[in-house]
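The chain below stands alone, shown as structure tokens; this is the form predicted on its own.
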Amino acid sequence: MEALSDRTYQAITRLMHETVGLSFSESKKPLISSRLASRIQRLGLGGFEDYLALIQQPEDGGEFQMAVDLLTTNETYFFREPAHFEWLAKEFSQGNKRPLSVWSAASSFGDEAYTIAMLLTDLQQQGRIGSDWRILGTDISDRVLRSAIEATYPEDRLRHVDAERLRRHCLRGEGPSEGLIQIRPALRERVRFGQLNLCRPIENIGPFDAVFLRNVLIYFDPATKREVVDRVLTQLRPGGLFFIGTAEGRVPCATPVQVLAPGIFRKLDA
């Protein structure tokens, strides 16, 4: 296969930016080349130009979405950045058992959404919150959302879940399914998933008491980051908690927020 040319690379990255807001610098060219090359070979295409022509077509058989998935693959696992969930537990435990809602705005395969569901179920059983709570998980990828609904994971993805939580909330696979863990139906029923493009207008799906937008801003340029964050924050009630990845720095937005801890913010009244 011929090397990915600068012209084709620029066309691919421009398409990604204009369509879903993803931003890739020149330094990402080797990464994009390696991630797309195996897919191109699997499809039996002649090279990167043929692949570009395919994903530009309106009827691409879902291949554009596959390209997005390949270029935004990010490690995910349960109870990632545990300090965030400790903050959430502390915050919600101070309430008066009012209804609660949480949005996992870049939910990927559902690890984060089900982590929150485990936490809230435990808080409810401890009498620290009421029974009226809901979780929404959204992502741009229909493929990862289908996987999230199935809620079956390799054991390693739950390596930070203690044994007692695993027993209460999960089922271990046996025989051909050994090494896999599925979330119990009672927990799955508390989480709903839907497809959403953060770079497009968001319908009124809130207000939420907490919003997680972690480890997705790295794919956007500064202007798009600001637009996405402000758009997402419209769905968070004043006083609510907003989480981004700890390594993502200060949140870029016009909406007034208070810094609480690395990656944790409180939305202030405008």
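The structure displayed is predicted, hence computed values, not measured ones. A residue's number is simply how far along the shown sequence it sits, counting from 1.
The same protein has a further form, the form predicted together with a small molecule, not shown here; the description that follows concerns it.
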Only one of 197, 177, 125, 93 has a non-hydrogen atom within 4.5 angstroms of the small molecule in the predicted bound form; which is it?
197
Sole residue of 147, 101, 141, 121 within 4.5 Å of the small molecule in the predicted bound form, by heavy atom
141
Residue 214 versus the small molecule, in the predicted bound form: is there a non-hydrogen atom within 4.5 Å?
yes
Would you check, heavy atoms only and a 4.5 Å threshold, whether residue 20 touches the small molecule in the predicted bound form?
yes
Please check if residue 75 has a heavy atom lying within 4.5 Å of any heavy atom of the small molecule in the predicted bound form.
yes
Would you classify residue 51 as touching the small molecule in the predicted bound form, given a 4.5 Å non-hydrogen atom cut-off?
no
With the partner left out here, if you bring back the small molecule in the predicted bound form, are 80, 112 and 219 all within 4.5 Å of it by some heavy atom?
yes
Of these, 161 to 169, 93 to 101, 180 to 188, 133 to 141, which stretch puts a heavy atom within 4.5 angstroms of the small molecule in the predicted bound form?
133 to 141
